[in-house]
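What follows is one chain in structure tokens, specifically the form predicted alone.
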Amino acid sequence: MPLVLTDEQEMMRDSARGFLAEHAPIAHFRKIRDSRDPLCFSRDLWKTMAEMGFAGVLVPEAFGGVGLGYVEAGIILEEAGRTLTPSPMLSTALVAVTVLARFASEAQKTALLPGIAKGERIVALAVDEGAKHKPEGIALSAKRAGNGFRLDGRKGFVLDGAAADTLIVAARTAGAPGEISGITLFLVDAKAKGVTAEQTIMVDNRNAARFTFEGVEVDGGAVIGEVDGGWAALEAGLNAGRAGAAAELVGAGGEVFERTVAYVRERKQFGKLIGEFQGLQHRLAHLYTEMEIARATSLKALQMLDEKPDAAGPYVALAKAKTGEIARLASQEGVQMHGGMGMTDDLDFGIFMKKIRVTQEIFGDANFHTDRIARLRGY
């Protein structure tokens, strides 16, 4: 499939760009950050985004959604990356909806998907337990108890966990940490007895939380898919999140690049525009080609999720690794070409740098995905 957007997708990009520029400019991010909003995003804005179809972009029409694909979801996230829009788009509209739409029962879909599409329900995935992303290292236990299960353990870095109404918890029902078999996904009320949350606001003001589960009881209806067979659903959700994060990185990196180009065209030094200096021209030309590569890898990963989701793993890993490294380069070059003021809070480059650095870590950094590609290729 050509690595270009269709006419309809370009129209959607223009619509999303105009909407976010008007309703969620970077001034909106600064307001949320400076007011120390405990949710780290605006529920009113999220409901307005839901009315635009953003929250339900992947939700099937039968459950009140728009029923579009991952390319369209990536378009929204790329534009959100440009304005640093704080929202549960990644955690809920991509990761959670992917797991629910593909693997949940009809009863579970009916209970959750319409609320997500309306922007009324936040659902977060609780998977990681250590300092780094390692989904196969799940140790949180789920032991059979009566007609259900009893959950005990901890989860960290749950994206939008402090705002979540429902958690998708990856637990171990068999095997040992490090094995992909024996993992089961459970739907857990975030306010259930035995669930304790500790909010962790990241350096980029992103909302996350640590959770402790102590004797949390759930019934059999909370299981997503099959007991011991949750790895496929977990991987599907993580791949959606990784591709979405890659799109967000393309947006953030692209915005920084465009601002830097505009600056070197107007800033004078020694009586000349600094954009006339060959050294800066070479660096910007290199960054331009890198940004095009990042955009292409991101789009290909999203296309694969739409066309062949079970074969999308290597493409998603490449996109997440490559876009993270290139967006980081864009932010560094932007700061350097602006000089000392590049890191002041009066400009936005330091904010972009923080956002990019945190997004690099979400669902696996470049090292994780480089290793993942090698393993998927049999090395």
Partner chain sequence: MADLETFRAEAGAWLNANCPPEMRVPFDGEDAITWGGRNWVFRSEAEKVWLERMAAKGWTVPEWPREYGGASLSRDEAKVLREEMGKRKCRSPVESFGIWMLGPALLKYGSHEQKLEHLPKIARGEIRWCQGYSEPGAGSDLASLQTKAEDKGDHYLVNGQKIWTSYADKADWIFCLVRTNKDAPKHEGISFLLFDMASAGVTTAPITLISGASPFCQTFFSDVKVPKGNLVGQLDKGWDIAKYLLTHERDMIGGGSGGMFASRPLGQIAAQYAGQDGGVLEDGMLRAKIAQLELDAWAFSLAVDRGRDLAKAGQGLGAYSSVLKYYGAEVNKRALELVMDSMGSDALEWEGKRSKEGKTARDWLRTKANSIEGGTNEVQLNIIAKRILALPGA
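This one's a predicted model, so the numbers in the text were calculated from it and none came from an experiment. Numbering follows the first chain given and starts at 1.
What comes next is about the form predicted in complex with its partner chain, which does not appear here.
*Should residue 350 be counted as a contact of its partner chain in the model of the complex, where contact means heavy atoms within 4.5 Å?*
Yes, residue 350 sits close enough to its partner chain in the model of the complex that at least one of its heavy atoms falls within 4.5 Å.
_4.5 Å heavy atom contact, residue 285 and its partner chain in the model of the complex_ = Close contact exists here: in the model of the complex, residue 285 approaches its partner chain to within 4.5 Å, heavy atoms only.
*Is residue 261 close enough to touch its partner chain in the model of the complex, meaning at least one heavy atom pair within 4.5 Å?*
Yes, residue 261 sits close enough to its partner chain in the model of the complex that at least one of its heavy atoms falls within 4.5 Å.
_Contact label in the model of the complex: residue 64 to its partner chain, heavy atom within 4.5 Å_ = Heavy-atom contact with its partner chain at 4.5 Å: absent for residue 64.
*Of the residues 83, 297, 173, 166, which one places a heavy atom within 4.5 Å of its partner chain in the model of the complex?*
Exactly one listed residue reaches within 4.5 Å, namely 297.
*Tell me, which of 321, 40, 50, 68 has a heavy atom within 4.5 angstroms of its partner chain in the model of the complex?*
Residue within 4.5 Å of the partner: 321.
*Could you tell me which stretch in 214 to 222, 234 to 242, 113 to 121, 273 to 281 has residues with non-hydrogen atoms within 4.5 Å of its partner chain in the model of the complex?*
Of the options, only 273 to 281 has residues within 4.5 Å of the partner.
*Please state whether all three residues 15, 45 and 195 have a non-hydrogen atom within 4.5 angstroms of its partner chain in the model of the complex.*
Judged in the model of the complex, none of 15, 45 and 195 sits within 4.5 Å of its partner chain.
*Residues from 361 to 379 in contact with its partner chain (non-hydrogen atom within 4.5 Å) in the model of the complex*: In sequence order, 361, 365, 367, 368, 370, 371, 373, 374, 375, 377, 378, 379 come within 4.5 Å of the partner.
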